[in-house]
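Only one chain is shown below, in structure tokens, and it's the form predicted on its own.
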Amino acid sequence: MSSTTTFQLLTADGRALKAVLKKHKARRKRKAFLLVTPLLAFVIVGFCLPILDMLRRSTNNHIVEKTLPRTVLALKEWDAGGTTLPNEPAFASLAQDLVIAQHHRRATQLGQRLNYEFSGLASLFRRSGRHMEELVNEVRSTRGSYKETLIAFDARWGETDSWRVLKRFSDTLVADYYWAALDMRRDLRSNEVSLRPSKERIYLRLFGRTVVISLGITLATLLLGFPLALWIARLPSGQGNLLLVMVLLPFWTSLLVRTTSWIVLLQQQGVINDLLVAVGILSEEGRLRMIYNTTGTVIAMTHILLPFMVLPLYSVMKTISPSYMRAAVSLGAHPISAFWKVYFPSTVPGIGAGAIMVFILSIGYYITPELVGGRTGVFISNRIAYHISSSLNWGLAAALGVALLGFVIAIYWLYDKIVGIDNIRLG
């Protein structure tokens, strides 16, 4: 007969050591969580909530249902694919809803929303809202027809397309902002989605231009930043730190000041053109146009984003031992061959980190393209800002923002599959 005895380690005061360690570990986790709580709150408030609000705005369509509740119910049985107008109750419901909407000052707002989908509805709702109470009183006093009265007041109420827009956008969630963001549209009658004609495509061209220019900026910063980072990494610490401070100097200058400085330098009567004319390289009539176009955007943004390429490269290059190159050369390799086969592969993590940072930052840039981009150097972010501040089409702006965010995530995923995020190093 055998018996098994379990021994339990105890602390000096007689408590189980395992339980004490577990309790201590939990307490440390709580303290660590409390330390990161301010940062977590900032991320939620400054990043997660705006994205969720953007998603909501890009699909939200409560305005039709809230402003015209009776009309929405009356149109449920109407066949929008046919050629006949809705019946008399639908016109009566519309008249009653518009009277109430005008009292609450929502008729014009509804017209502006629907005008994004079908041109002319803004003026129709604005005009109808102002006179609808008079029209309703007229119908009630003469016991006439709402349908005939509204069509006589404005012939657009006799067009089926106006009613099709009302019926389509009576849903609370719609994807039409996303179709518009991708230069697509839904047919009012068949509901089929198709690509807009080539001359009407705006956003796909802007997305393409944004990607191409951002890739050009990333390549330019790499070509300029790699030799600069290599030089700084090979200098003695004192001289290297001085050059590193000079690289960081743009961070201490306002972005607006740096951008306007490039306007002074690049314009046709600017410093660079004056210098080229003075030394005889250019004639007075042959001054270069380097501003308010793609060239100006690339030059200004390359200067602004160059530190984001240099710093990761420098931090990685600083960790590469010079003995690697010396060993390769001592074994018979040519210095150039040794550089490409030994030194350069070691810098790939820094190249990856710098490239992904510069590319993602440049895609979302707004101020610099707005000031120096002109007509051909603006990004999709400038169009988003236009819809937020000028056209007030927040739904389309949100859809464009979501599309841009999705594209960035797709680029990040593709980069992870091809290169691997684990290969990115900042030092």
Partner chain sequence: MSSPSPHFVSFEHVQKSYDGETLVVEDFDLAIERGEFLTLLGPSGSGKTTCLLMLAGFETPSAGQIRLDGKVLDNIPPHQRDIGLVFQNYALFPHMTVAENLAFPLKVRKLDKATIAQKVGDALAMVRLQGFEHRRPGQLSGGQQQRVAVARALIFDPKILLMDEPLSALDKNLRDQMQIEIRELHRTLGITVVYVTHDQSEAMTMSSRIVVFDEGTVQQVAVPSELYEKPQNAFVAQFVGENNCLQGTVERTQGKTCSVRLTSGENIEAENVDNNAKGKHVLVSLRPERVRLAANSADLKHCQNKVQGKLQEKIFLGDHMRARFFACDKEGFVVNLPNKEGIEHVKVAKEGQDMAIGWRTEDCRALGLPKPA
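The term rigid core refers to the maximal set of C-alpha atoms that superpose within 1.5 Å between the two forms. Numbering follows the first chain given and starts at 1. All values reported here derive from a predicted model rather than from experimental measurement.
One more form of this protein exists, namely the form predicted in complex with its partner chain; it is left out here, but the text below deals with it.
Enquirer: Could you work out which of 205, 104, 130, 341 is the residue within 4.5 angstroms of its partner chain in the predicted bound form, going by heavy atoms?
Expert: So the residue touching its partner chain in the predicted bound form, by this definition, is 341.
Enquirer: Just to be sure I understand the contacts: of 220, 73, 333, 233, which is the one whose heavy atoms reach within 4.5 angstroms of its partner chain in the predicted bound form?
Expert: The option sitting close enough to the partner is 333.
Enquirer: Looking at the partner-bound form in the predicted bound form, is residue 173 within 4.5 Å of its partner chain by any heavy atom?
Expert: The answer is no: residue 173 has no heavy atom within 4.5 Å of its partner chain.
Enquirer: With a 4.5 Å heavy atom cut-off, would you call residue 329 a contact of its partner chain in the predicted bound form?
Expert: Yes, residue 329 lies within 4.5 Å of its partner chain in the predicted bound form.
Enquirer: Would you check, heavy atoms only and a 4.5 Å threshold, whether residue 345 touches its partner chain in the predicted bound form?
Expert: Answer yes; at least one heavy atom of residue 345 falls within 4.5 Å of its partner chain in the predicted bound form.
Enquirer: Since only the chain is shown here, I'm wondering whether residue 324 would be in contact with its partner chain in the predicted bound form (any heavy atom pair within 4.5 Å).
Expert: Judged by the heavy-atom cut-off of 4.5 Å, residue 324 is in contact with its partner chain in the predicted bound form.
Enquirer: Which of these stretches, 333-341, 181-189, 279-287, 84-92, has heavy atoms within 4.5 Å of its partner chain in the predicted bound form?
Expert: Contact criterion met by 333-341 only.
Enquirer: For a quick test of reading the superposition: does residue 321 move by 2 Å or more at the CA between this form and the one not shown, rigid core aligned?
Expert: Superposed on the core, residue 321 moves its C-alpha 2 Å or more between this form and the one not shown.
Enquirer: Does residue 145 count as moved between this form and the one not shown, where moved means a C-alpha shift of 2 angstroms or more after fitting the rigid core?
Expert: Shift at residue 145: below 2 Å after core fit.
Enquirer: Look at residue 346 and decide if its Cα position differs by 2 Å or more between this form and the one not shown after superposing on the rigid core.
Expert: Yes, the C-alpha moves 2 Å or more.
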